[in-house]
Every structure is written in structure tokens, then in C-alpha cells.
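This document starts with one chain, in the form predicted on its own, laid out as C-alpha cells.
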């Protein structure tokens, strides 16, 4: 069973990813980063998810802003707090620390072979890799949710997590770690709609009820902003790539992050051209640096996530 560190910015899909990681992996710890909502809010949301689903790990608050750019959040999708929609219970505990970056460094150095699963902006990971360049080779890998090989969701070409901190994403992609990418072209294959809401709601228990109401709020927002009442269940895909690798097909490709383009800042440029110089170099002789997830077994992924929510929701039924 994979031992996993999750770096997140909850967000409804982050909450589902935490439950999935806790059920199918050995969740070692959680760090938070400003992204979907400000740091204080996403840290509270991570703690509340742990409380609702009896996830007994520490939560460490990390970076509250990107390396270079001003902070950017997504209230139009997740609400101001990141957990718009349900009536939430009182939070019963606080974060273990406010030094999430140091926690990542110390934990990765203390145990070789951990998986790091970042499902928010990559600021914490980049800061840790810069301060401790030995970390990438100590990890089993980095499985991140972010980017896209096709269109974006917050600009025509940029996905939100990478757009928030493209400089951090560039640091991580250049780190030499074993990197797996769950971008929008993959995660939109995990369809989130009212049918999924109904299936979660029938599970019962406070945790499942909160998740179903979070997803309803998300669908309401997406329908209002984009005119579609469906989306992708993004973040659990990065977890399933570690816990159930047979569910997602990857191909080793060259991926770079656009940092300066007037219209393309934050774009992940995924080189899908045919032809390689070798098994490790692309058509231009550039090293192939990312295992790009391109195909998802939707029905299996859906069943796995529903089973995880059901298993972790039993305590209060």
C-alpha cells in the first residue's frame, strides 16, 4: 500500500481526494496551500474533512501566496470559503503547524519512497524542492493534478492550479522527480453530475451528506458560470494514479510551463508530436519529464471513489 503525502487546497474535489487517499493508501500527512480559497479557509476545510471522515493525520498549513504572482482564488466555483453549500459542523481541532514546507522536507527526508500528491497550486512543493534539492530523488514520485494537454478552465489554455503559480509548476517539472500528471484532458473523463450526487447522497452519514451538498453547490456554480451542469472530478484522479495505477494510462512526454506569454501564461505545453530521439528524449532532443495521464477507466474510478466515501462514512450511521 502506497504511503502518501497530500498537498491540497480544499475544494470539494480535494475533500474527495483526501477520503480516497485515506481509504486506499497510507496517508502520512496533509499540507495546505492557498488556492481555491485563502490559506486559512482551505486549512479549515482540510481539517473538517479529516474530522468528518475520521482521518487521523496531522494537517500543516503551508504557503499563503504564489512564488511571484499575487494570490488568486476561485470563489466563482468553490465559494469564498472553498466549501460553499452545506451547513458545516464546528471544527474541533486546529493545524499541527504553520510550517508546511518544513514539514514536507523533514518527512520526505525521514522516509524514502513516499508518494507526494499535490492537488492544488505547486507552491509548497517548489519551495521544498528549492530548499532541499535532494527531495525529488527520495520520493517514489509526484502525482499532481494540474495543467492540460488541450484547453484550460481559467483561461483558454491554462488550468487553475498551474495558472495560480506557474513559476512553482516550472520548478517542479524541472526537478528530476518521477512526475505523473492528471490534467484536465484526463480529469474531465471522470464526470461529475447530478447522478453522482444522488449516488453519494444515498450512502448516508454526515460526511457523505456534506460531500453531496458540496458537489451540488459546485454544479450550481458551474451551471451559472459556464452553462453546463457537469464537470470533472479532478483531484481524486491524482490519487488513483498512485493507489490504482491500472485505472489510468500514462505516456512519458515533454511538458513545459509557459511563464511569459500575454495570452498563454500558465499553459502546460505537452509535446504530443510523434517521434522520439530515444526512450528518454523527445523530438527536439529535450528530456521527457512527465508521465502524462491521457485515458481514464471512468466506471472503475467512479466505483472506487464511491466505495471510499461509503467506507469512511460508516462511523456515524
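Bear in mind the structure is a predicted one, so any value in this text is a computation, not a measurement. Positions refer to the first chain, counted from 1.
Unshown form predicted together with ligand RIB; subsequent notes refer to it.
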key: Listed range touching ligand RIB, judged in the predicted bound form by heavy atoms within 4.5 Å, from 84-92, 153-161, 171-179, 105-113   = 153-161
query = Which pick from 184, 101, 215, 242 sits with a heavy atom within 4.5 Å of ligand RIB in the predicted bound form?
reply = 184
task = Decide whether residue 117 counts as a contact residue for ligand RIB in the predicted bound form under a heavy atom distance cut-off of 4.5 Å.
result = no
query = At the 4.5 Å heavy atom threshold, is residue 165 in contact with ligand RIB in the predicted bound form?
reply = no
ask   = residue 32: heavy atom within 4.5 Å of ligand RIB in the predicted bound form?
value = no
Ligand RIB contact in the predicted bound form: residue 145, any heavy atom under 4.5 Å = yes
key: Any residue of 1-28 that, in the predicted bound form, places a heavy atom within 4.5 Å of ligand RIB   = 9, 13, 14
